[in-house]
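This document opens with one chain alone, in structure tokens, the form predicted on its own.
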């Protein structure tokens, strides 16, 4: 389920959009009432897409979008505003926005824009991920194609499953890799037995990376795993 951060100061519109997107779009939607609250929510977890109202108290949507872009340069952002001036649209895109919708709008149109943007983002991410095969993991060098981890002239050969799992963790570095994503990508089935098998591979990978104290794979309760590189 894709996670959306919706920042909208109109409580009636905010609840309407949240309910509709969760019901019709099957999204997990976190609703915030102003820019400050939205920024706090963004820093606490990962989101697949943001919808930011422009005219808000405390922190307007453009300011919020600018601050978010300093933290994350790729998460899709849709700006929503009652202003339809070309200058406002230019500012939205110059700040790193991916789309712009003018109020009042049909909720069905917003849903179409969300789905189109997520599909485009997923295709772009998939192409980039397919290309990448070499990773820097702290002091380690990881060659996915050769299935080798290297440090200080020492090489560790990985099994295919270990290499695939470590690559997913590297692609989501410092972010949560959910158990479901890992299991479906590597085992193509998220059943209990595959989950136990993955836990064994994770234990082995942790041992391979033990010589660098700045590299750690942690469990995120109820969600999955995170490769932390300090």
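Owing to the predicted nature of the structure, the values given are computational and were not obtained by experimental measurement. Positions refer to the first chain, counted from 1.
Below, we refer to the form predicted together with the DNA, which is not included among the displayed structures.
Screening 25-33, 195-203, 65-73, 52-60 for residues having heavy atoms within 4.5 Å of the DNA in the predicted complex returns a single hit, 195-203. Just one of 132, 145, 154, 160 comes within 4.5 Å of the DNA in the predicted complex, counting any heavy atom, and that one is 160. Among heavy atoms of residue 213, none comes within 4.5 Å of the DNA in the predicted complex. Although the partner is absent here, residue 226 sits far enough away that none of its heavy atoms falls within 4.5 Å of the DNA in the predicted complex.
Although the partner is absent here, residue 222 lies within 4.5 Å of the DNA in the predicted complex, judged by heavy atoms. Although the partner is absent from this view, residue 167 stays clear of the DNA in the predicted complex, with no non-hydrogen atom inside 4.5 angstroms.
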